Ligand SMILES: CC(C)(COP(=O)(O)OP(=O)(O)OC[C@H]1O[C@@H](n2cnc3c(N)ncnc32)[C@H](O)[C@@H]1OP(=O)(O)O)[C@@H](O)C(=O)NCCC(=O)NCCS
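Before any questions on how it binds or moves, here is one chain, the form predicted alone, in structure tokens.
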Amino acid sequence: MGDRSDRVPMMTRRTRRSTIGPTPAVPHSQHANSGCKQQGTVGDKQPGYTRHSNGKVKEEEKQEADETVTSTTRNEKNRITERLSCHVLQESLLSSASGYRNYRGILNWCVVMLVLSNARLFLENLIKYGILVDPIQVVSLFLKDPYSWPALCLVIVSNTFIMAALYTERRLSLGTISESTGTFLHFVNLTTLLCFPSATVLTLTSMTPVGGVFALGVYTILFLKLYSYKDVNMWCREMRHSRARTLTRSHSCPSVARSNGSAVHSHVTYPGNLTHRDIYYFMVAPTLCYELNFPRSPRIRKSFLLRRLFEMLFLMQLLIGLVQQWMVPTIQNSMKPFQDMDFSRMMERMLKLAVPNHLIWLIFFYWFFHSSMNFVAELLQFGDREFYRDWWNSETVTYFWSNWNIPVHKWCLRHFYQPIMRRGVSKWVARTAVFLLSAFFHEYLVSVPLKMFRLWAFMGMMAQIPLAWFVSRFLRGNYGNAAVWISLIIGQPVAVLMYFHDYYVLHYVPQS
């Protein structure tokens, strides 16, 4: 008994130590029993944790119920608000601040309107003039009439200038002639290349404007290619001399057997590039800038080649038909207003000519820069197919002239603009010089075949300089793009009418 009575207080004290906070008063027997239970579960606080967890769950359920009530109330308020108001803070779709960019429907509408308006003009032309398209006339023009053969003979003679350039470069690579002598020989060759065909066109009465444009176009391309050929080989000699002749002819000659145009495209080094195969590949390749190793495509895609060939044949017939059916009658009917100096009728004729002229220009661009040049590039496995960039997005005149004809732009930048800049000339003067060179060749390709010099093309190109300054200074974004399009649509018909009027007066109006 004494031991039991002594144990109870001890257990009570132990229980009090393990209890946090005040312990409620309980009977002695009950306290003893609880003490025994606690003794069997010393350190086990699971019952207290369960009570705490159940309380937390109940609080979370209460919060979820409150949130459900709140969201229901909020949804009800939103529905009431929607009934009472219908306006929010927003911009109109056609405003630039709205951020809206999907104008596909408006673009389709413009296309439909363009097709309908041109269909009306085409129908009016058929009713007024009848069917004027005659493909056989064009074929017979080149096969039967004698004027086409002088142009073809003139093109064949151009092979002489190619051989002269190759011969000069070989002599320079061997060191048998000096650099100054080689420069003089290239100067004579290139000067003759421009003067000889123009003198031939102006002298022969059987050479018509069509044959003259064809021949002079070939010689102009040949001039630009041979100039690039001369420059690149000169740079190679300078690099060879700077490396103390580390690249010798004996090391480079084995690559000549598999030069540009072979099935296995090996690396060519100078002077191993001075071969007939190499220079003729460059003459035919769709580029004006020479390289020793052009990027090459792995194979010829026959389906791609056939698509481009079909486009070339179809678009050529379309161009001939549009010129015969639409352009020629409009130009012929424009002569009387020009002779009478009726400015209102002249403006009406010019605007009427602007539509077919611009359409023909766009088709010609696609036919030449996409279909034809891709066809030649695919046939020769020429890898660089960047013949044009997004000139239709031009916001400045300078951007247009830099992106619509990439081969010419690369040539001007590489062989004319940058050499002038390295001489310390300002950027504005260098750009003006580029426009002067372009204006010269435009006038060369128009005035010589027509055998008259009116400088309309030259002045038209030089007028691009103040126009480029005005557009870049005062017009930006869509306004600049619209100005570029207007200059393309209006400028070309003016030049066409000017030249045709002068040619008509010179050849068909009796002189008093």
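Everything numeric in this text was worked out from a predicted model, so none of it was measured. Residue positions are given as counts along the sequence shown, with the first one as 1.
The same protein also exists as the form predicted together with the named molecule; that form is not shown, yet it is the one meant from here on.
Only one segment in the set 192-200, 286-294, 175-183, 415-423 has residues whose heavy atoms sit within 4.5 Å of the named molecule in the predicted complex; it is 415-423. By the 4.5 Å heavy atom rule, the three marked residues 125, 325 and 355 all fail to count as contacting the named molecule in the predicted complex.
The named molecule is not shown here, and in the predicted complex it never comes within 4.5 Å of any heavy atom of residue 371. The shortest heavy atom separation between residue 409 and the named molecule in the predicted complex is within 4.5 Å. Residue 227 falls outside the set of residues with a heavy atom inside 4.5 Å of the named molecule in the predicted complex. At least one heavy atom of residue 461 is located within 4.5 Å of the named molecule in the predicted complex. Checked against the named molecule in the predicted complex, the residues 158, 394, 402, 381 give one hit for a heavy atom within 4.5 Å, which is 402.
Scanning 375, 367, 387, 435 against the named molecule in the predicted complex with a 4.5 Å heavy atom cut-off leaves one residue, 435.
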